[in-house]
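Below you'll find only one chain, the form predicted alone, shown as structure tokens.
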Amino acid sequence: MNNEVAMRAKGICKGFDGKSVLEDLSVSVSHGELLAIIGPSGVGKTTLLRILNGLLEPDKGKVYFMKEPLGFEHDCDLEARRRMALLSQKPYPLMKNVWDNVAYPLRLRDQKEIDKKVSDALEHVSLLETADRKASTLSSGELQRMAFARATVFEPEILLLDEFTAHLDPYNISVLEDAVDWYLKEKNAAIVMVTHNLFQAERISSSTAFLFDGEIIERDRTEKIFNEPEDERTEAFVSGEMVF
């Protein structure tokens, strides 16, 4: 199994309207790893994901995809972006049925065996029976499950999850978490998840990083972060004692 580093961010700085959000931040994720990034609201977790995905350019620093620099000026950017996916907390369905929504990334990439791949992707989120329904008729939980199927149907090597189960009921959260776990193990993917749900981070991530004041304060195995953190700020956050 390949567990080499899939993506690395080095020395990332980003600010908005003169206010620094990320300051000299460095982080990496390897194949077969689910890295959870936790931290208070407004510390730049989503900004970091957008930079990793190439949707937002850092003021300083570099992102590397499979050791190659990812940036607006590099030829590898388009190919790299076609090998990763970002799933946000709010899905944006096409005005088509569920099947066509999930098949869309495959058609863009001119991939073969579309029927089988779409069926498998829908099966893993328990939505195969909804394939012919208009996406607009799905519940919010079903829409997010469809969005997950669409994000993974082309088997991206890097999957970025931005509060992907926010506001969902326990059943839909469970289905999506099981799908993430299956995808991580089956595809040996590299997954970065940002979440306010500390219980979720503890349940499904293999490693966790605490983002605060624009930097990674501490990063370790998830079990250690939650049970034996070394930094007092990490301990205060995971124990619920940090007040904002």
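Quick caveat: nothing in here was measured; it's all calculated off a predicted structure. For every residue, the number given is its place in the sequence shown, counted from 1.
One more form of this protein, predicted together with a small molecule, exists but is not displayed; see below.
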Give me the residue from V43, A201, L184, L70 that has a heavy atom within 4.5 Å of the small molecule in the predicted complex.
V43
Are any of the heavy atoms in T47 no more than 4.5 Å from a heavy atom of the small molecule in the predicted complex?
yes
4.5 Å heavy atom contact, C13 and the small molecule in the predicted complex:
no
Non-hydrogen atom contact A236 with the small molecule in the predicted complex at 4.5 angstroms:
no
Within 4.5 angstroms, counting heavy atoms, which one of the listed stretches 176 to 184, 62 to 70, 213 to 221, 33 to 41 is next to the small molecule in the predicted complex?
33 to 41
